[in-house]
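Starting off, we have a lone chain in the form predicted on its own, written out as structure tokens.
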Amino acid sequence: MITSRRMAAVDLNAEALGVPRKQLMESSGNAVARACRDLADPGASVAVVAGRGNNGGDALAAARFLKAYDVTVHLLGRPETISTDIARENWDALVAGEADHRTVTDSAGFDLGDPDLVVDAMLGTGVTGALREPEATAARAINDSSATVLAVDVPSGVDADTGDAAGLAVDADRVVTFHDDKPGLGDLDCEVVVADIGIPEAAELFTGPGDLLALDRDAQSHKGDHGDVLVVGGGPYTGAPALAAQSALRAGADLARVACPEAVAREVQGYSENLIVRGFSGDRLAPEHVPDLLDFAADRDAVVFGPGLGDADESLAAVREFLAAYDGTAVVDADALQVVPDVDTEATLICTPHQGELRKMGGETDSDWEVRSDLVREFAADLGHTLLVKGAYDVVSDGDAVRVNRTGNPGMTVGGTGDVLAGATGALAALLAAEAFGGGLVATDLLERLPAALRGDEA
């Protein structure tokens, strides 16, 4: 099962692995053509109703494989508005081959005819909301037809993630969907066929450029919409909490706060004017600080607990008390990790150990990353929390799904990189909690660029 957003990411990851979208469209078109052959005998009339995106492109490619059928292609809109190059290439190939093709620029002029089979390829998995024209008129004509209806990936008008329709939707007899089933197709009153189009398993397992699609920022957003992160740490070390907080800002959080001992608060603040620093009494975290920290954390989207905290008994006792009482989202790193297995908490925890810290938590590891992936998944399931285990191949698992990141390098063994990762993880967790996605600009960037902007220099 895969959501529409995740499917878009996997498509892009596959391209990065050497399987271009054009190849995937050709495979999808072939799968649609096979479904057509299952539903209609050679010589039957087939009406392909195609939109101007890649969903339509899949059906345009399919039309080339249906030489034994009487195929008419209806493009909804002007050819010059086809939204992707690969879909346009498939349209151009049909035109050059003198296939029976028609363009629908006015819904009043749409004529489906009386086909034996209709291929609905107007809108794909990434489109939601009510059908607009000319798609709405085409959907009515398809539903009023006596033809068998084959939908490409999802019936137009149906949300692939929920199965809901915001009004009119195509009533399909069969859906051919690609790579994996979609959550919203299970409740439809039709047959659903999943077609393998050659997306490698690695496109889902390994992180890639597709995973960055989630990092978008609403043009109408306001301060705080993209996450407010609290870093709790410092005492024995001052650079670690500052690095984590600055990393949270660079990873897209709007606000980054640091709660640290008063003894080092001025030093932590001195690392960056972009940080909001709040000191608590003494020179290290202790249980008496927990009530105030819980109050402070309640208004934050995520907490990063551990950078520079140290392993004093009273500090670890404070970590236990905090996590036991906290019910938000927390990234746990460094010395704070060792208390996680013993804490009963309602919090959503993301633990970021290196392999030595993983062993201290009671987990196992292995030099083979595939074996290590299984071990991490099993331990995450036992803990009931998400693990991000650092290494040459980082392994991330919530006890069910596993993702592997292989973009690191030996230079990342330098001190402080773990703090940066914890802060970035906190930012992403906060963005998810805030249901927003972000960009990484900080206030001092504006100060640095302001003179050039006032001079009218190009960015």
Ligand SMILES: NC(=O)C1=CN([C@@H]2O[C@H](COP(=O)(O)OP(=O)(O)OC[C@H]3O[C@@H](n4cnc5c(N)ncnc54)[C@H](O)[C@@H]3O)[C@@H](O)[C@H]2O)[C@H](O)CC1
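Start at 1 with the first residue shown and count on from there. Because the structure is a prediction, the values reported are computed rather than measured.
The next section is about a form of this same protein that is not shown, the form predicted together with the ligand.
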message: I'd like to know whether residue 125 contacts the ligand in the model of the complex, with contact meaning heavy atoms within 4.5 angstroms.
response: yes
- prompt: Heavy atoms within 4.5 Å of the ligand in the model of the complex: does residue 132 have any?
  reply: yes
field: Partner contact for residue 197 in the model of the complex: the ligand, 4.5 angstroms, heavy atom
entry: yes
- request: Verify the contact flag for residue 280: yes if a non-hydrogen atom of it lies within 4.5 Å of a non-hydrogen atom of the ligand in the model of the complex, no if not.
  value: no
query: Three residues, 24, 58 and 178; all within 4.5 Å of the ligand in the model of the complex via heavy atoms?
result: yes
- prompt: Though the ligand is not shown, can you say which of 53, 399, 408, 416 has a heavy atom within 4.5 Å of it in the model of the complex?
  reply: 53
field: Of 367, 83, 105, 162, the one that lies within 4.5 Å of the ligand in the model of the complex (heavy atoms)
entry: 83
- prompt: Which single stretch, out of 388-396, 45-53, 418-426, 62-70, brings residue heavy atoms within 4.5 Å of the ligand in the model of the complex?
  reply: 45-53
query: Considering only 135-164, what residues come within 4.5 Å of the ligand in the model of the complex, judged by heavy atoms?
result: 135, 152, 153
